[in-house]
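Just the one chain here, the form predicted alone, laid out as structure tokens.
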């Protein structure tokens, strides 16, 4: 029997504590931006959301490799939940980014910005994951095709990132580099704590949904066992996302 709820309480406490510290740093420690003022503080929400979303897509692809190698449906379930959560974070990143753009640039979107456009392309790519998955009725084929899609789409994420970095024109505000070198010390610390808090939130939600799905599978298995039908098994080779 697979137990996903182990350590969930500790993870929740760590997440809540980190987010509280991050909020305190954002509002009481990080200085106001000289050009954008208070609205720049949405950076500490928007950028971590976007980064965690992209990492979540890659994470889902790596988990899908586990399914293709082992044919164990537990890996497929993990990949499915990882991509599902990454999509939610990605939508949050788009919304907060649009709010920031409206306040800074006077319009909600800029199609000439490669960073914005590339992120939207990645998000739309993974938005087709669930329609593709649930258009296939056979559970084994569904898991196999979804895993192949997840691996290929996840490989596109770092390639897309590299392409944007190599682009000649950058319209998007370059206030963050790979090493965080463009940020003052107080802003860098605030950003890193915010990023950690967002990553912990993603991990907590992923683990919580995995626990809930596995619990539903266990309940159905026990119910059918009482009726003399043991066709529903714990999360593993024959379990399907629900």
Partner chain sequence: MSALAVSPALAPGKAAPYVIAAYAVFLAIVLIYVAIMARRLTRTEKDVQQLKRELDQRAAAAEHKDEREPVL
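Positions refer to the first chain, counted from 1. Since the structure is predicted, the reported quantities are computational estimates derived from the model, not experimental observations.
Absent from the display: the form predicted together with its partner chain. The rest refers to it.
Mapping the unseen interface onto this chain, residue 64 falls outside it, with no heavy atom inside 4.5 Å of its partner chain in the model of the complex. At the 4.5 Å threshold, heavy atoms of residue 189 stay clear of its partner chain in the model of the complex, well away from it. Put simply, residue 199 is far from its partner chain in the model of the complex: not one heavy atom of it is within 4.5 Å.
Contact annotation: residue 47 falls outside 4.5 Å of its partner chain in the model of the complex, judged by heavy atom distances.
Residues of 36-66 lying near its partner chain in the model of the complex, listed in sequence order, are 36, 37, 38, 39, 41, 42, 44, 45, 49, the criterion being any heavy atom within 4.5 Å.
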